[in-house]
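Take a look at this one chain, the form predicted on its own, written out in structure tokens.
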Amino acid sequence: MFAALDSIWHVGLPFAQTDGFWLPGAATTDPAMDRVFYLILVICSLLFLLVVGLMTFFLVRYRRLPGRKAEKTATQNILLEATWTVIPVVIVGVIFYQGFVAYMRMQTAPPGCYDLRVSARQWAWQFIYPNGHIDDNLHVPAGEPVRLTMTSEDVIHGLWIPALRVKMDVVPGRYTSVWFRADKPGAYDLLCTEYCGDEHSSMLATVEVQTREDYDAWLKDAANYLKTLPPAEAGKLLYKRRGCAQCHSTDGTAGTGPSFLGIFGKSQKMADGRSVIIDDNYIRESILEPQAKIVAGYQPVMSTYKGLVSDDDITALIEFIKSLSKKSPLRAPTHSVDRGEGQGVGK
């Protein structure tokens, strides 16, 4: 019976695959969960009309009138009780079956998937591509199955792409995966569905669906941005892509970590009472050993980027921070300034 229902329902309702009133337009030709959603919507709508219709009929038919006596009601009806027990069981069974089929279709990736890795952290996404490039937005080739293998560096997050009907929790300490096929080139929203802290609502990204030719060209250029962009511009990209923007502002506003605006070349007081000049060496140490020096007034919450960034990445970030300084960059002497007892830029 369930197999027959699935073959019939697989055709889908006429409005399930298009831009509709209830759901955003699908960028995939097989949004499995759409059929489940519209099945539940139709069943609930019919039951709502049935209940309200019967309620209205009974209110009119048995309303109190002058001279009418209350009629005796039945105390038991086996057939009626069996009917309203069996019918809901069948409905729940159909919904469960359709939901299970859709879930398994989403979880069982086809052969030859294009594999990408995803790392989530408060409050940013990092998408790791096969050539090692890391981006804060997700780029995928159109018409090809893509599998995301995901993990979190801190707390639980939830990756949701409404247009692709993809939603999966991203859990610290383990890997979860989900696959999809985006058939319509364009830009689509990606957001976090699990509350993960103060900046949860800003944990956004864009899914760029491109033709294979455009995707290959983008990936080649994106991976070479350190060579093709000026160091400060490359550092700005890293600032966004590596999650620095979630804790460090560039407009002077204090966040989880101190602002980068005008910080380079200045003396900064540390939590232990000593002062440190914010120079190249200090920034480098703050990135690789963030717990070594804690800026006064901030908590030691930053994770190390050791093994995640190259020397060229660090140089680009330093140049970007320099470019935000209101005065000429100050290169403090490396032999006399106490820069070993303070803390990093990120705390």
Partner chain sequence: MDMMVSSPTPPKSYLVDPPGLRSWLLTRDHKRIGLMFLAVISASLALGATFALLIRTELTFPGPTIVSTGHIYNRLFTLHGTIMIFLFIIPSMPASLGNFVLPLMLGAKDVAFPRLNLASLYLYVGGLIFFLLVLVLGGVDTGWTFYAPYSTSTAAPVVLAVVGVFILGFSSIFTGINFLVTIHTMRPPGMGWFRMPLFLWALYGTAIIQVLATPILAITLLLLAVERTVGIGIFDPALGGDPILFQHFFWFYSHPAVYIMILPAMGIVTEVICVFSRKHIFGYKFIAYSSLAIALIGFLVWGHHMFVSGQSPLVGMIFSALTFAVAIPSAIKVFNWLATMYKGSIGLAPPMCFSLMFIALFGIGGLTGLFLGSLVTNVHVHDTAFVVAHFHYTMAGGALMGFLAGLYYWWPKMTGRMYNLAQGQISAVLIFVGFNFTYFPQFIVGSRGMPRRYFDYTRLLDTHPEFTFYQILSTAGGFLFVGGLVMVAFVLLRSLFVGRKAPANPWGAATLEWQCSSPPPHENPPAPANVGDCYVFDDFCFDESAQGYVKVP
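If you superpose the two forms and keep the largest set of C-alpha atoms that fall within 1.5 Å, you have the rigid core. Positions refer to the first chain, counted from 1. Computed from a predicted model, the values in this text were never measured in an experiment.
The same protein also exists as the form predicted in complex with the partner chain; that form is not shown, yet it is the one meant from here on.
- Contact with the partner chain in the predicted bound form, judged as any non-hydrogen atom within 4.5 angstroms, is confined among 84-92, 256-264, 208-216, 126-134 to 84-92.
- Taking 172, 186, 273, 110 one by one, only a single residue has any non-hydrogen atom within 4.5 Å of the partner chain in the predicted bound form, and it is 172.
- Only one of 232, 222, 245, 204 lies close to the partner chain in the predicted bound form, with a heavy atom inside 4.5 Å, and it is 204.
- With a 4.5 Å cutoff on heavy atoms, residue 194 counts as touching the partner chain in the predicted bound form.
- Put simply, residue 23 is close to the partner chain in the predicted bound form: some heavy atom of it is within 4.5 Å.
- In the predicted bound form, the partner chain lies farther than 4.5 Å from every heavy atom of residue 306.
- Proximity of residue 145 to the partner chain in the predicted bound form: non-hydrogen atoms within 4.5 Å are absent; the residue sits far from the partner.
- Every member of the trio 37, 44 and 200 reaches the partner chain in the predicted bound form with some non-hydrogen atom inside 4.5 Å.
- Along 67-90, these residues reach a heavy atom to within 4.5 Å of the partner chain in the predicted bound form: 68, 69, 70, 71, 72, 73, 74, 75, 76, 77, 78, 80, 81, 84, 85, 88, 89.
- After superposition on the rigid core, the Cα of residue 60 moves by 2 Å or more between the shown form and the other one.
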